[in-house]
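Here we start with a single chain on its own, the form predicted on its own, put down as C-alpha cells.
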C-alpha cells in the first residue's frame, strides 16, 4: 500500500449525479449486513440503495458484484423554525444509524440539528382482495347489500417499498445534534449535541436521560464542546465522546447515572514548541469510532488520524499524517473556513485498514500493519464501471513526477467528508460533495 506504488485494482460504479446545494450528501451509512446503504443530504432526504442479489443463471462474477441500485427515497426532515430563539432549523440530515434487523423490516434513525426520527422500511408484494364491507376501490358498502360472507385473499402485486415514521424524538436538545449511536442492547441509543449527551429508549419519545452535561453555570467559562460520541460495540454500559480540545473521555454508566466524571481520559501531551494560533483548532476531534473488536478508538483531527488503545491513556498508539503539507497553508484555510471542516474516519471489517477523507476529491487509506498510506481520488472522469483507480500524490518538493498534484493546485471545494466501509467486505461508499461513489476491491478481498 505504498504511496509510490499502484493500488490494488478497484472497480467502482458512479451512482448518482446531484446538481443543487440541497442535494449535497451529508452522511453515509451501511446497515449491519451491508446489503443496504443509506445516504442523507442537505435537503432532508434519505436515499436507500440496495445491493444487487444473486439469481439463478447469473455468473459468479455478477453474484460478487458491489453494484447498488436505488431502493427507496423519502423526505426525512423538513425545514423548521424555533420561535423561542427566532432561529431557522435546517432540514439537513446530520447522521443516519441502522438498527439491528429483527424481522423482515428494516429500521433506521435519522437526525437533523434538533429532531431524531425512527423509520420503518418494509416491502409489500401482496395486497388483500375480497373484503366483505369494502368494494374494490376501498369505499364502504351498504350493509344491506351484503348477502354473503367471504374470506379475503392475498394476491400478488408489484413490489412496493414502504417507509413510515414510527417514532419522533423531539425537544431533547437545546444545541445542534452532532451524533447518534445505537447501543449494543438494541433497546437504547444516545444523541449528542455541543454540550450534552442524552440516552433514549427506542420505544419512548417523550423523555430522555441526560448522561453528560458539560455546560458551565456561566457560558463565558465555556472552554470546549462535544464533537462526537459513540457507544462501545459490545459493552452496553460504555461510551466515548470527543471534544474540541482533542481529548477523548470514556464513560461507564455503571459508575454513575450522570457521567460527568469520566472513567478514562485520552489525550496527547501538548508540545509547547509547536503551539500556535491554530493549535487548538486543528487538534479538535471531528470524529471518533470504536474498532469492531472494541479494543481501539479511531479519531480524526484536521491534519491527522490516530488510533488509541483503550488500555493506554497517555497518547495514541498510531498516528498517520493525512495532509501534513497543509500545515503551511493554515492561515489561508482559516480565512476561507476550510480549517473548520469535519472529516470522518472509518475502519475496515478486520480493523487492519483505516480510511479518511481529504481535499481535491482525495481520500486516504492506511495499512496499520505496515504503516504505509495510499492516496486515491474519487472523480467523475474515472467513474466508468470496472475502471481501475490509480494512486495520486501531492507534490511538496524534490523531484516532481508525472501526475503529481501541487499543493497550490488543490481544489478545496472538492472535499471528501463522509464515507462508510462495508461491515464484511472491501466495499466502500464515498460521498464526494454531491456525488456518491462505490468502490470495490476485486483482486484480493482478504487483503486491502
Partner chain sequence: MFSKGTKRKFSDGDDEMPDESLVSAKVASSYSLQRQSLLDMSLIKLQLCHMLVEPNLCRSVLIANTVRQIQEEMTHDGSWQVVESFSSAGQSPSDRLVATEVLCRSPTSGREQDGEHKLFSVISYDGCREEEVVADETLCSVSVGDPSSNICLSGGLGQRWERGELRGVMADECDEACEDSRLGPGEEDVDAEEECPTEEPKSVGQVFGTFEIKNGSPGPDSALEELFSDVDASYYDLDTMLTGMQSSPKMGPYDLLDSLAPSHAPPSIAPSSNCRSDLNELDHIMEIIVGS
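Remember, predicted model here, so these are calculated numbers, not experimental data. Residue numbers count along the first chain shown, from 1.
Absent from the display: the form predicted together with the partner chain. The rest refers to it.
The shortest heavy atom separation between residue 337 and the partner chain in the predicted bound form is within 4.5 Å. Though the partner is left out of this view, residue 194 does reach within 4.5 Å of the partner chain in the predicted bound form, counting heavy atoms only. Taking the partner from the other structure, the partner chain in the predicted bound form has a heavy atom within 4.5 Å of a heavy atom of residue 114. Under a 4.5 angstroms non-hydrogen atom cutoff, the partner chain in the predicted bound form lacks residue 179 among its neighbouring residues. The partner is not drawn, yet in the predicted bound form one stretch among 68-76, 253-261, 152-160, 329-337 has residues with heavy atoms inside 4.5 Å of the partner chain: 329-337.
Note on contacts: among 342, 201, 292, 167, the single residue with a heavy atom within 4.5 Å of the partner chain in the predicted bound form is 342. The listed set 360, 183, 94, 227 contains one residue whose heavy atoms approach the partner chain in the predicted bound form to within 4.5 Å, identified as 227. For a residue to qualify, one of its non-hydrogen atoms must sit within 4.5 Å of the partner chain in the predicted bound form; all three of 88, 278 and 281 qualify. Contacts between 169-193 and the partner chain, taken as any heavy atom within 4.5 Å in the predicted bound form, involve 174, 175, 176.
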